[in-house]
Structure formats: C-alpha cells, structure tokens
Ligand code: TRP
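In the block that follows, a single chain appears as structure tokens, in the form predicted alone.
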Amino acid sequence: MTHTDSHPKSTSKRVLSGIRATGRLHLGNYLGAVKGMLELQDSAEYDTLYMVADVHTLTTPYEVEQLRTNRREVIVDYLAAGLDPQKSILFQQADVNEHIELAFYFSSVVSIARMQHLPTFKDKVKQHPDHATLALLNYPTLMASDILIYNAELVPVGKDQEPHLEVAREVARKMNDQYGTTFPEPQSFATPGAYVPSLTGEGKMSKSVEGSFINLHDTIDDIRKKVRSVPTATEVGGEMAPGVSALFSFVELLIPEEKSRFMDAYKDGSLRYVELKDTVAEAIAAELKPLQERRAELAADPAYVDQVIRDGAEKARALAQTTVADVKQKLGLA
C-alpha cells in the first residue's frame, strides 16, 4: 500500500508540524492543534508533513519503554483524529536519520553562547538541573533541521517555541550566506485551532499538570468525573471564577448554541453547576466518540498502522536525502 503520487501538492507551501512523543494525545492537543492540522491537509494551498518528535524526547528525562509505546500511539491518535496518509506525510522523526545528520552540520554555524541564552534552555535546566546535556543545548539546532530539511516555509508553533524558530531562520541565513544553500526562512503562523483551558481553571490544558486534561480515550464516566471536579466557587458579585470561565469556554467550543441559556442562568443566580458540568461532559464525549471508534478499528489492524509508519518514513526520507545530499556537496563533503 504505497501512495507515491500524493506528495507534494503542486504550487503549495510546505508546512511541518510535530508533537512530542510524551504520551497519548489529549483534548487540548486535538482542539488546539490537530483540528488545525486537518484543515491544512484538506487545503490545496499546503503540502503537509506531520511528525512525531520522538528524538526530541531524549532531551529531558524519560522512560525507554514508555517512549517506545508513545511514538506509535501518537501516530495512531493522528490517524484516529482523521489525518490521512494519502494527503499528509505522517512519520516518526527517529525513522529519518538525516534529521540528526543535518543537525550536526547546522551546529557548525551556531555558537554555544547563542544556545545557552535561549529562555527555553534556561527553563529546562532549572526543571532538570541534573540533565543539562548537549542534546538539550542542541534542541533548537535539531528543530532547525526538522524544518529546513523539508524546506518548510510555515511552522505552526506556540509562543514558547518562537525563539527556536528564530534560530532556524538564523541557521538558514548563515548556511545560505556561507555555503550558498537556498533554505527558506521559516515563518510561524496560526493554524485554525482553539485555546483549550485547563480543568483546574489555571492556564491551558496540559499533560504536565495533573488533573488539567482529558485524554482522547477517556470514557464518559472518566470525563464526567474530571469535569465535575472543576472548581466553581464564585463570590457573589465578584468576577467569574477561573473554573467557571473554563466551563463556559468548553460550551463555546463544543455547544455554542447553549451558551446564552447557561449565561442567563449564571447572571440571574439560577445556574446549577452540576447541570452545566454534565452538559459539558456529554458534549466532550460526543466530540470524542468518532475518534474512539476509529481508534478501536486501528487497534484491531496493527498491520495497517505499521504500513502507514513505513510509508511515511519512506516519503519523508526521500525528501530529506535530497536536502542532505545538497548540503554535503556545498560543505565540501561530497
């Protein structure tokens, strides 16, 4: 099952996006990122590559067996959510060795001081003081390789990743100036996607904050239990509590037609929070049901998932090899 005719779309801009292999995807990933990925893959304007950033996982402490499982699970979640290997290249970073090779070539034009001054590096060193490795220092160089190896022009990234994208632009400029390569300077852009609040009412939904997220595989009972735990205490006459605000965000995201009814009840003091929470839980479960059904089908067909992973690696490698061959020639290594 090969689909060699499906890439690239003619005259389209190439987009690369990736999710770290830190675990199964959650509702925030789906509404905030994957839904945007789906819109891009269905547009003739874009040629889409969606990566599982498994090599990046090595930059912070991790469990080996967990990574082995997670890197495959993210591909399965991608497929369950509707990403289509006929329209997008879906691949695991570690399956394309050229990423690592190009990152080393790029490291010859990046100074140690530049890497050490990045706010993300400083933050991670504070988080993991015993794990300040060369791999962590080189994270942005590898990210530059991930992007430029496919000559990607557009990269959907959050604000925290903007400094890394600036490194990718600097690398492109330096390689072009010093060696005559023709890398584009990649730009960030916002994919159609939502800000998904944490169930704690503080910040956005995140795997790193216990009790803040809903997994894509959670049952209705799991979802109801988690949503019922959202804090809703509000002072009379005071501002809307963060937890209540989060619940209303979910109403707006999933069942906007119900917003005015609940808001009116909130304003006149008749709102029953248990009804709001259970309505939100049911809306989330309804949103996730087709994904869960598709996931069950994929779980029953591991050979298909294996084929998607093999095909994705082959397609990504073909593009990556062309870039690396050109860079080696310009560096004098071929």
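Numbering starts at 1 and runs along the sequence shown. Small disclaimer: the values here were computed from a predicted structure and weren't measured.
Although not depicted, the form predicted together with tryptophan (TRP) is the subject of the following passage.
Contact here is defined as any heavy atom lying within 4.5 Å of tryptophan (TRP) in the model of the complex, and by that definition each of G18, M51 and M143 is a contact residue. Checking V157, L102, L199, I75 against tryptophan (TRP) in the model of the complex, a heavy atom within 4.5 Å turns up for just one residue: V157.
Out of the listed residues F250, F213, Y139, F183, Y139 is the one that sits within 4.5 Å of tryptophan (TRP) in the model of the complex by at least one heavy atom.
By the criterion of a heavy atom within 4.5 Å, H56 is counted among the residues contacting tryptophan (TRP) in the model of the complex.
Of the heavy atoms in V96, none are within 4.5 Å of tryptophan (TRP) in the model of the complex. Using a 4.5 angstroms threshold between heavy atoms, V171 stays clear of tryptophan (TRP) in the model of the complex. Taking the partner from elsewhere, R71 is found to have every heavy atom lying beyond 4.5 Å of tryptophan (TRP) in the model of the complex. Comment: 144-152 is the region of 239-247, 259-267, 144-152, 127-135 lying near tryptophan (TRP) in the model of the complex, near meaning a non-hydrogen atom within 4.5 Å. If you take 157-172 and check each residue for a heavy atom within 4.5 Å of tryptophan (TRP) in the model of the complex, you get V157, Q161, H164, in sequence order.
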